[in-house]
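Shown below, as C-alpha cells, is a lone chain in the form predicted alone; questions about how it binds or moves come after it.
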C-alpha cells in the first residue's frame, strides 16, 4: 500500500488526504500549527468544488447556507447593476459558509478514515529532493523527526515551507489588502440566497450570510497602501450600516505566487492549493481550486507505477485550467475596480445581458465535475 505525507492540514491538505485514502493510500498529515483553531472568515464553494466534496463523503451540506446568485451593485449608490446566477448549467448548487465550519466537516471525514493520521505542531524543516523517495524532517516538541514516504503533498499555503526549501520564489504582494468583518444580518436585509458585491474605483466589498442564524461575512478589498475603509464607509447605506455594526477580524495582505505543481528531480513532490497557485479572491475560487487539485492529483496517482509521470500528468491537467481561472481573476479585478466614467460603460454592458447569458460566461468553471478526474485513471 503506497504512503504519502502531507504538509498542511488546511482545506487543501485535508481534501488531499481524503482523496488519496479513497484510492488506497495511507496518509500522514503533518501540520505546523499546534492547534487547529477556528480562524478565517467566510468562504464560497461553487458547484465544481461541492461535487468533489460530495464524492469524498464530506458533509458540507450540513453547514453554511445555499446561495443562488451574486448581485452586483454600484458601490456609492447601491444601484443594482446585474444579477449573476451561481449554479451550474445542470442546476447543481453553491454554498457559502465559515471557513472553520468547512474545516470541521473535513476533519470529521478525516477522523473516520483509519489509514489517515493527523499530527499537529510539526512544521516541515528539511527536505531532500534528490532521492527517488521522500525524505523529510519535521519539527516537534521532542525534536525533529524524520519521515520517509512514497509521496509528499505540499499543502502548506502561500508561504509554503516546502516551496522555500526547494528554492521556489517567495510569494509577492499583489497590491491589495482584504479587510474582513463579522456581522449579523438584519431581518429586512437581502435574502440569504444572494451574495452582494459593491463595486467602486480601486476597491470593492462583498457581503453574504454564512449560516441560517444570520451570521454574515463582510470583506472589503482595498489598495495595499490604503488599508482602511476610507470612502467605502460612506457607500450605499445598506453596506455602510453593516460595516458600522460589524466586528473587525483583521487585515490580510493578499499575496501571489508563480504557479508550481511539482518538484523537478526524482523525489515525488506535488503542490496543491495556495502552495501551488495562490488565488486572489476576485472569482471566489481559492478553496475550489485547492479541492479540485487534491482530487485530480489522487486520480493521476491511482495505480501509477511511475509517479514522476503521474505528477507530470497532474501538472498538464491542472495548469491550463488554473491558468484560465487566474485570467478570469485578473479580469474581474480590472472590471470591478473601474473608475467613472469607465464603470458606467461596464454597468450598461452588464445591464443589457440576461442572467442566463451571464451564467454561460462561467459554465466552463462551474460545470466541471469530478468525473473528469475519474476518467484520468479509467475508474
Ligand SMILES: Cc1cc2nc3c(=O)[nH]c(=O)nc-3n(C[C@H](O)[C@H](O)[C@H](O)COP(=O)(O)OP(=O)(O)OC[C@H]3O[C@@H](n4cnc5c(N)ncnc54)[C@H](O)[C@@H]3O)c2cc1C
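Being a predicted model, the structure only gives us computed values, none of them experimental. Residue numbers count along the first chain shown, from 1.
Separately, the form predicted together with the named molecule exists; it is not shown, and the next lines address it.
- The stretch in contact with the named molecule in the predicted bound form, judged by heavy atoms within 4.5 Å, is 247-255, chosen from 247-255, 127-135, 224-232, 110-118.
- At a distance of at most 4.5 angstroms from the named molecule in the predicted bound form, all three residues 155, 208 and 274 contribute at least one non-hydrogen atom.
- Contact with the named molecule in the predicted bound form, judged by any heavy atom within 4.5 Å, is made by just one of 180, 238, 104, 202: 180.
- The single contact residue among 307, 99, 92, 262, judged by any heavy atom lying within 4.5 Å of the named molecule in the predicted bound form, is 99.
- Interface membership of residue 75, defined by any non-hydrogen atom within 4.5 Å of the named molecule in the predicted bound form, is ruled out.
- The named molecule in the predicted bound form comes within 4.5 Å of a heavy atom belonging to residue 30.
- Interface membership of residue 19, defined by any non-hydrogen atom within 4.5 Å of the named molecule in the predicted bound form, is ruled out.
- Although the partner is absent here, residue 88 sits far enough away that none of its heavy atoms falls within 4.5 Å of the named molecule in the predicted bound form.
- In the predicted bound form, the residues of 1-21 lying within 4.5 Å of the named molecule by at least one heavy atom are, in order, 7, 8, 9, 10, 11, 12, 13.
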